[in-house]
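Below, in structure tokens: the form predicted on its own, a single chain.
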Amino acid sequence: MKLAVYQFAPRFGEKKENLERVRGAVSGLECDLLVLPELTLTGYQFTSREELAGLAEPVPDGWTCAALSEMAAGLGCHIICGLAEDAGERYFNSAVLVGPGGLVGTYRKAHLFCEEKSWFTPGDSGFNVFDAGDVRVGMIICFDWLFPEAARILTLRGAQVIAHPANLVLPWCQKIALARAWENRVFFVTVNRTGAEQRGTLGRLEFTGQSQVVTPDGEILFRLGEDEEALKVVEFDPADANDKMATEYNDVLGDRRTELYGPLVE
């Protein structure tokens, strides 16, 4: 498959402008799956629930899903994009998987980070795997990287690729992603944003960039720069993620001792 990522710095609240930047960047793109950052079109640093309500949209009936579907149809690919989801009286930090025919699946961020807890509802979608063409794809969002259970559940459900839209400000994720990929024998795709935001009385956030793709062997296929705006395309065989052998004798799924893991869910 050909997988593309687009790393950039969206302008807060300027959804149409940000969409046009994405459209311009991917014009003529040939790929099977395009992955975009967390909260791609809205920006990240909300200052109130009212501000969030003004920018969030229903899924799949909102403007963003319609625009993504049109883009996917034009490119002949699938797209993963982070957005603010309006679900009535609740708002979720979500990611959608959209294909030429419309919405394929939605993931709602389970593990909220810092001020997100003031505006968003913790995700209730669970960790599900979807078909993006011939590839089995699971989604997590940003701070979910800290919780290995999320990636493991997606692996157990058959994910070959874990897509990770992010707005990272901490320095550790890109390193930990190598472990997530290797311990699950999957492709791990982190797509971060660049730039900074400081809104209202909130502290300044500086995003770390360094979007990357890691193989099931823990090899970094590429890592973008911290401040680099770029569209990057990489080709790999997702079937490589079907081999779960860490050594000649060790299957990372088959060797699990689930009878000993009870404390994980206590």
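Here the structure is a predicted model, which means the values were calculated and not measured. Start at 1 and count along the sequence shown; that's the residue number.
One more form of this protein, predicted in complex with a further copy of the same chain, exists but is not displayed; see below.
Exercise. Which of these residues, Leu170, Ala87, Ala196, Ala73, gets a heavy atom within 4.5 Å of a further copy of the same chain in the predicted complex?
Worked result: Comparing distances to a further copy of the same chain in the predicted complex, the residue within 4.5 Å is Leu170.
Problem set entry | Interface residue in the predicted complex among Val104, Ile153, Val135, Val129, criterion: non-hydrogen atom within 4.5 angstroms of a further copy of the same chain | Of the listed residues, the single hit is Ile153.
Exercise. Quick one: in the predicted complex, does every one of Arg21, Ala66 and Glu229 get a heavy atom within 4.5 Å of a further copy of the same chain?
Worked result: No residue of the spot touches a further copy of the same chain in the predicted complex.
For this session: Spell out, yes or no, whether the shortest heavy atom distance between His78 and a further copy of the same chain in the predicted complex is within 4.5 Å.
Result: No - in the predicted complex, heavy atoms of His78 and a further copy of the same chain never come within 4.5 Å of each other.
Exercise. Ala25 near a further copy of the same chain in the predicted complex, any heavy atom under 4.5 Å?
Worked result: Because no heavy atom of Ala25 falls inside 4.5 Å of a further copy of the same chain in the predicted complex, the answer is no.
Exercise. Hey, in the predicted complex, is Gly123 touching a further copy of the same chain, heavy atoms inside 4.5 Å?
Worked result: The answer is yes: Gly123 has a heavy atom within 4.5 Å of a further copy of the same chain.
Exercise. How about Val252: is it within 4.5 Å of a further copy of the same chain in the predicted complex, going by heavy atoms?
Worked result: Yes - in the predicted complex, heavy atoms of Val252 and a further copy of the same chain come within 4.5 Å of each other.
Exercise. Thinking of a further copy of the same chain in the predicted complex, which stretch from 109-117, 79-87, 94-102, 158-166 has heavy atoms inside 4.5 Å of it?
Worked result: Answer to the contact question: 109-117.
Exercise. What residues in 211-232 sit within 4.5 Å of a further copy of the same chain in the predicted complex, counting heavy atoms only?
Worked result: Residues within 4.5 Å: Asp217, Gly218.
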